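Before any questions on how it binds or moves, here is one chain, the form predicted alone, in structure tokens.
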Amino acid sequence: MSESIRIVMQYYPLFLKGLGYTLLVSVEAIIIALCIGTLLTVLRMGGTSLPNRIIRKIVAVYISFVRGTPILVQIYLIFQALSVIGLNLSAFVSGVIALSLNSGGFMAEIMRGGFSAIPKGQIEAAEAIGMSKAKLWTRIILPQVFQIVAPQLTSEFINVIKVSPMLSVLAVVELTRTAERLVKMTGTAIPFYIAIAIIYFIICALLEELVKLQERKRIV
């Protein structure tokens, strides 16, 4: 046991660097995903005209694809698709884009649930006094939606952190990739994988406590 701890501590700077990449990827992805989810939510709540119906159908197909296919397949697909169209981006940027597009679809579903919880009377009253669509969304709808779904959005952030190890397939040196490199260097596996499991557990446990705190505030 002490030997395992000594081995892990010997390489702790690499773990810190890998943790930094994991958090950076996750934070960037969740911010972009929040923008994507918001945009998709607005597009889905358009009128009943033919263009709006077509847009809603496209959005629905996108969300179904994101939720119905493995994230690993999406990562490979986006990485290869970007190369095909001439965007030779780094593995890090491609990974962030892949996670963002995936999480954005889930966030759109979360935010749709928040939208349905807003009393229709508020929207009808705003429309009755001639409030523009932009003001309606930015001043009435979205602030309430974000407040309602804050715990679910935090849970989605946890999910992004949990799936970020998938980016190791693109050689993004986050925590899991760091552990894989150390296993090859030292020939020892279990201490390093236990170490990253503990790190992921601590991060996710802290965020889960934040979710519980948000839910308690909502109840109060």
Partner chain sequence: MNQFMQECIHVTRITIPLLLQGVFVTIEISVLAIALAMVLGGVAGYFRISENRVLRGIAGIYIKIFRCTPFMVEVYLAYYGLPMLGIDVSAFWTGVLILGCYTSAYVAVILESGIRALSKGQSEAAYAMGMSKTKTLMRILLPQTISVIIPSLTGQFIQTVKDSSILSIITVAELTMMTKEAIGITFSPLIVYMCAGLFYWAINLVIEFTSKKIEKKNRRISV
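Residue numbers count along the first chain shown, from 1. What you see is a predicted model; the values in this text were computed from it and never measured.
The discussion below concerns the form predicted together with the partner chain, not included here.
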Interface check vs the partner chain in the predicted complex: of 197, 23, 9, 16, the one with a heavy atom inside 4.5 Å is 197
In the predicted complex, the residue from 189, 27, 43, 185 that sits within 4.5 Å of the partner chain by heavy atoms: 189
Can you tell me whether residue 128 touches the partner chain? I mean in the predicted complex, with a 4.5 angstroms heavy atom cut-off. no
Given that the partner is absent here, does residue 151 sit within 4.5 Å of the partner chain in the predicted complex, heavy atoms only? no
Is there any non-hydrogen atom of residue 146 lying within 4.5 Å of the partner chain in the predicted complex? no
Considering only heavy atoms, tell me if residue 59 and the partner chain come within 4.5 Å of each other in the predicted complex. no
Only one of 138-146, 114-122, 93-101, 77-85 gets a heavy atom within 4.5 Å of the partner chain in the predicted complex; which is it? 77-85
Is it the case that 48, 105 and 215 all touch the partner chain in the predicted complex, with a non-hydrogen atom of each within 4.5 angstroms? no
